[in-house]
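Only one chain comes next, encoded as C-alpha cells, the form predicted on its own.
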Amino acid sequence: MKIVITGATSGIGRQLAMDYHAEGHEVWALGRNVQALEELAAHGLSTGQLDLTDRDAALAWFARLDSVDLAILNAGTCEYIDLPEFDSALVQRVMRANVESTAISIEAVLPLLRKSQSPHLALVGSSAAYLPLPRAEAYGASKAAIAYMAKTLRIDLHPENIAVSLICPGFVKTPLTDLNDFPMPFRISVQQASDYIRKGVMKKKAEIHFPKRFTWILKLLSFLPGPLWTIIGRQMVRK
C-alpha cells in the first residue's frame, strides 16, 4: 500500500510509520520536526517537512504524489484551559492544529485516494470526545469536531467506496501526554496503540477505540443523564 501519515515525527504517528514501513508498505511520513524526519529517512521511509496549517503549501506538496491507498491524519496537539482565565488564544491554537490542519489534509489527500483501488481515510480523534471533561474545553471540542467530520465523511464518501475510520485512543504514552499533570488510567505504549490501529485499519472498522477496558467505561458513562454527569464532573474538578 501507499500510505501517508501526518504527525509522524513523534508518538503514535511515528510508531505507525515505522511499523507500516517494516511491513513493506510505501510510507510517506509527514511532520514539521526536521531532525525527526531525517531519522525516519535514515530508516528508509519517505518524508515530507510540512506545516499542515498552511493550506497552499499543503495542497502543493500533496499534488506531487500520484496516488494514496491509506491516509492516516494524525497531526494535532493538546492544551488545557485553566480557569478562572479563559484563554481564547489557546483555543485558536488547538482548533488550528487539530481541526483546520485535518480539514486541509482531507482536501489535499482526497484526489489521491480517488485514484486507489481500495481507498481508506482514517482520522485520529480521541476518547476525550465521548464526555465533557474538566479543562478540556479546547481539546475535547476539537476532537468532537474530528469525530463529527469523520462520521459525515463516511456518509458522503460512501458512493465513491472510500472507507472512513475514526480512531479514538485513550491515554497513550507520548511526549505530549508526558506533559499531563493528572492521573492517566490504563495508559498504553505507542507500540500497543499502533497494533490496535493497524488491526482496525486492516478490518476497515468505522471506529477504532482503545484500550477497550478504558474506552468502554467512557462510552457507558456517556449514557448517563447530562445533569448527573455534570455533578460527577464537578467532583473531579474539586479533586
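Keep in mind that what you see is a predicted model, and the values were worked out from it rather than measured. Numbering starts at 1 and follows the sequence shown.
In what follows, reference is made to the form predicted in complex with a small molecule, a form of this protein that is not presented.
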{"item": "4.5 Å heavy atom contact, residue 62 and the small molecule in the predicted complex", "value": "no"}
{"item": "Contact of residue 52 with the small molecule in the predicted complex (heavy atom, 4.5 Å)", "value": "yes"}
{"item": "Residue 124: touches the small molecule in the predicted complex, heavy atom cutoff 4.5 angstroms", "value": "yes"}
{"item": "Close approach of residue 76 to the small molecule in the predicted complex, 4.5 Å, heavy atom", "value": "yes"}
{"item": "Selected contact from 70, 172, 45, 208, since only one has a non-hydrogen atom within 4.5 angstroms of the small molecule in the predicted complex", "value": "172"}
{"item": "Partner-facing stretch of 83-91, 124-132, 151-159, 111-119, counted where any non-hydrogen atom is within 4.5 angstroms of the small molecule in the predicted complex", "value": "124-132"}
{"item": "Site test, 12, 33 and 139 vs the small molecule in the predicted complex, non-hydrogen atom cutoff 4.5 Å", "value": "yes"}
